[in-house]
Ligand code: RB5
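Taking the form predicted on its own, here's one chain by itself in structure tokens.
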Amino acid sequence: MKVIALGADHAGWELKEALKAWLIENGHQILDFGTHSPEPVDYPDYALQVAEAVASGKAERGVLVCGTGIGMAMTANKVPGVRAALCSDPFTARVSREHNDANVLALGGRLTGSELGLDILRMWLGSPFSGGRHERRLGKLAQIERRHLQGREEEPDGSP
């Protein structure tokens, strides 16, 4: 099974714990970066740890939960190699994997109940990347990322 990195702030802690229990029950190895209580914390601290674990290969995928999922997704997407997708239903979860090869799932703990969260997670984990025309698009995303990391001016199609 997969190594999954988990992270949440105080608003996502309860949903993270429900997802964690299901992941463990289904044989996944967990890297839980916290938070470990509903005490107020800053979401970027947890999103960064999960994103770095995924980008470095310590985890195959990551799951982040804050109040809306927005802040977690924004933070995780700052880390090169991370493709975090904020998903609100099983359809967006499936498409985030099939079309975008998302390697981090972001959820809103104040918007997503545990049953819906589990449905989203199961769909996300079970959906493979489709490849094909989507590979070209992911290549363009990687070019944009490299351009901004290197400070070079390069067009998304690879031309200077």
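Numbering starts at 1 and runs along the sequence shown. This is a predicted model, so every value here is computed, not measured.
Here the subject shifts to the form predicted in complex with this ligand, a form of this protein not shown in this document.
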* Structure fact -> Counting only non-hydrogen atoms, the one stretch of 64 to 72, 112 to 120, 129 to 137, 51 to 59 within 4.5 angstroms of this ligand in the predicted bound form is 64 to 72
* Can any non-hydrogen atom of W124 be found within 4.5 angstroms of this ligand in the predicted bound form? -> no
* Does any heavy atom of K20 come within 4.5 Å of a heavy atom of this ligand in the predicted bound form? -> no
* Asked: Can you check whether A11 is within 4.5 Å of this ligand in the predicted bound form, heavy atom basis?
  -> yes
* To do: Tell me, yes or no, whether F33 is in contact with this ligand in the predicted bound form, where a contact means a heavy atom of each within 4.5 Å.
  => no
* **Contacts with this ligand in the predicted bound form - residues in 28 to 65 whose heavy atoms fall within 4.5 Å** => Y43
